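Given as structure tokens, the chain that follows is alone and in the form predicted alone.
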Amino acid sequence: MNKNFFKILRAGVNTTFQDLGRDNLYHIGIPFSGAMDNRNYLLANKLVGNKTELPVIEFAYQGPLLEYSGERINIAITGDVNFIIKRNNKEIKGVCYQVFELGNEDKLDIISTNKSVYGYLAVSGEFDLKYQWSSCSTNTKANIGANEGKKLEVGQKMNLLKINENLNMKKLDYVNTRIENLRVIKGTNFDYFSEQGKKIFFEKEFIISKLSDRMGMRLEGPKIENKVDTNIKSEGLIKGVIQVPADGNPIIMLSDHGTIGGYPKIGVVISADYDKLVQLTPGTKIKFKECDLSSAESLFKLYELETQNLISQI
């Protein structure tokens, strides 16, 4: 029997294992998946001294309540998250981007995210998980990945294969910022839409609907008119692409998106804005801003440089 493990007392909302995702499987209908907010995923692992590609626990809105049994370990939570550690009838208020110690019978209560969607829990060790196509990322729509492709459930035990010897109490001074103007490159079907439809897309506000998950984000707002055809022959999709179905309301494809789709594509959210996009909650108002390919590439290089700079500070 494994002597180091977590028991799930409350599962939280959409709590899964995630890592960097899986590459080059679009041809068999398997998307990348992986952590929704890649920067916060990487920072969580780095804070506890892990290799940056190890699986972590991703949760949405409300996180899990966990009871730990075993040797002393460190944990770190990234994002904008309220959490506490319960130890000997005392409560320790958690701080994101700061390492905390867990001992035997301590409880970790991840209460909620704060005006955001996703948070990440990393522990100073490796979870005992099965890899599928070189990744533990869980896609619950397709039942792919760790935990048999399912969300974590009450009563489950999560075993640790080993614990890191690196137990330094690190922290990072970092604050997540919000985004309202999402930069997009014109899509391959941009000219399917009327001039008025294009003007609406770039000038009007849209509201994120409640019909959003790891697969896609539905928007509500002024209808975007299609002058050619509201359905096309199914084509390949990528993360961040914006489809417009017959009702004129855009849908942004996210990490667990289907690999093909038959709705015209008006644009693609640039990769540099993706982490902030996925953290926007239902009811948030957003606007789209046109960006050319050259600028998008430069902005992504800057995003990667900023991320590596943050990692180097830990």
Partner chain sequence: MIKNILNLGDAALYCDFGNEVNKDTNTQVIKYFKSIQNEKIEGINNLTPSYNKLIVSFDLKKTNYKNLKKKLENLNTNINDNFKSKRIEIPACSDQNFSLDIKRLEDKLKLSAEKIYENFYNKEFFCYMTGFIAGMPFLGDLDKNMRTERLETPRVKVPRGSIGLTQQFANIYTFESPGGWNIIGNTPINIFDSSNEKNPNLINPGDTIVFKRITKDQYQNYNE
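Positions refer to the first chain, counted from 1. Note that this is a predicted model, so its numbers are computed, not measured.
Just so you know, the form predicted in complex with its partner chain exists too; it's not on screen, but the next bit is about it.
- Among N159, T230, Q132, Q98, the residue placing a heavy atom within 4.5 Å of its partner chain in the model of the complex is Q132.
- Out of the listed residues N114, N166, S234, S194, S234 is the one that sits within 4.5 Å of its partner chain in the model of the complex by at least one heavy atom.
- Three-residue candidate spot A11, L65 and V175; no residue lies within 4.5 angstroms of its partner chain in the model of the complex by any non-hydrogen atom.
- In the model of the complex, S69 stays away from its partner chain, with no heavy atom inside 4.5 Å.
- For G248, no non-hydrogen atom is located within 4.5 Å of its partner chain in the model of the complex, even though that partner is not displayed.
- Contact check for L293: a non-hydrogen atom falls within 4.5 Å of its partner chain in the model of the complex.
- By the criterion of a heavy atom within 4.5 Å, G283 is excluded from the residues contacting its partner chain in the model of the complex.
- Partner proximity in the model of the complex, defined as non-hydrogen atoms within 4.5 angstroms of its partner chain, places exactly one of 166 to 174, 76 to 84, 183 to 191, 103 to 111 at the interface: 183 to 191.
- In the model of the complex, the residues of 10 to 39 lying within 4.5 Å of its partner chain by at least one heavy atom are, in order, D23, N24, L25, Y26, H27, I28, G29, I30, F32.
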